[in-house]
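A single chain comes next, written as structure tokens; it is the form predicted on its own.
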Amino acid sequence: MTEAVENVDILIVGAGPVGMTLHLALAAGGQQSLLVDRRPPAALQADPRALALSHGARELLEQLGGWPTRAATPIETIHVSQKGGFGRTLIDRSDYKLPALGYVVRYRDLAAALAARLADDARLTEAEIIDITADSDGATVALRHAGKLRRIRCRLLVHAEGTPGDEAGVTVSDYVQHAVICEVTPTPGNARRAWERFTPDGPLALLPLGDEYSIVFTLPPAKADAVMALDDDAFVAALSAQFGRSMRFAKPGKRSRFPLALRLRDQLHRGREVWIGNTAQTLHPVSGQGFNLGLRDAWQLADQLLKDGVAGIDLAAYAASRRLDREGGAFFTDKVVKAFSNDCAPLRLARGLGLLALDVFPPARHFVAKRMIWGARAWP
């Protein structure tokens, strides 16, 4: 006996924050969609990451009622410098008349805030996708959920979770770096200041999170192995040596690590399938652009769907509308990482001059800051 086919307009694969943002934005405009995720809801609460969200991201999420106000720590200033070289840039929220340049939120807290806005029947969790059959009119997804095989037919299939693999149509640049992440307690306190400290091994980011710092400690794989193996005291010593400034750290939390690469999907759509968020592009965490870019993907796709309708949406036009933002973000982060992750004396001098120029020439600093806050919406 052939199982019945269920029909939905829009099926969103991935019920993480990007997928939920798309679903809620569509629902706010009266458009129904269904979220499908292979993970149980508890898995989102176990995610160890902290997210750096721009003020622009807050503006989007507040419109959906999904902003985790109590869990968000504001970033009021950002200090950018390089270890072993001169030059620094300080970006301050007061220059832009904003309450904060951005915010640091634990992944689990953002996911919980968005999930609280979902209807009970908005998502299928612990659903294993077995097969996707796409055609010119949509796609049929076979999945196993609660021990049963189900087939769901949709007019638009949105991929919103996962990393592009080493496959045709995906451009990959391996940075040969790993990010070691954890939370530490600083002395003195963080004063709501974020630090981006460039070192020959890679950028070291300190992001204020409550009274602590969430750190992103970028290292070559072998050094990451060694740092992961250290006891807490030795880890704090290694972190202090890498930071190289007068701040003490204590009480490091559980450490996690992730390999870093730039992955860009050449085509954002194929037939009636479209890719957004990390499925479309995975960026280096320097300057915290990747997740914010994914939220803007979701917001813009929802906006176009609500204007044109599911049947009438031009996915090629959507892809073209995202080109400047995604390629600009990828270009910026890629060039910054490659220019700063070395100990070349001429480049160290050039970097110092560049940081000094940003600091003493406000229009250049504002140009960079506004694009970090709002993405391509800030152009020109």
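The structure presented is a predicted model; accordingly, all values stated were derived computationally and were not measured. All residue numbers refer to positions in the sequence shown, first residue = 1.
Quick note: we don't show the form predicted in complex with a small molecule, though the next part is all about it.
- At a distance threshold of 4.5 angstroms between non-hydrogen atoms, residue 96 is out of contact with the small molecule in the predicted bound form.
- Residue contact with the small molecule in the predicted bound form: residue 49 places a heavy atom within 4.5 Å of it.
- For residue 73, no non-hydrogen atom is located within 4.5 Å of the small molecule in the predicted bound form, even though that partner is not displayed.
- Interface residue remark: residue 86 is not counted as part of the site for the small molecule in the predicted bound form, having no heavy atom within 4.5 Å.
- Look at 226-234, 263-271, 160-168, 241-249: in the predicted bound form, residues with non-hydrogen atoms within 4.5 angstroms of the small molecule sit in 160-168.
- The candidate site formed by 44, 181 and 290 is fully in contact with the small molecule in the predicted bound form, as each residue has a non-hydrogen atom within 4.5 angstroms of it.
- Interface residue among 175, 299, 195, 107 relative to the small molecule in the predicted bound form, by the heavy atom within 4.5 Å criterion: 107.
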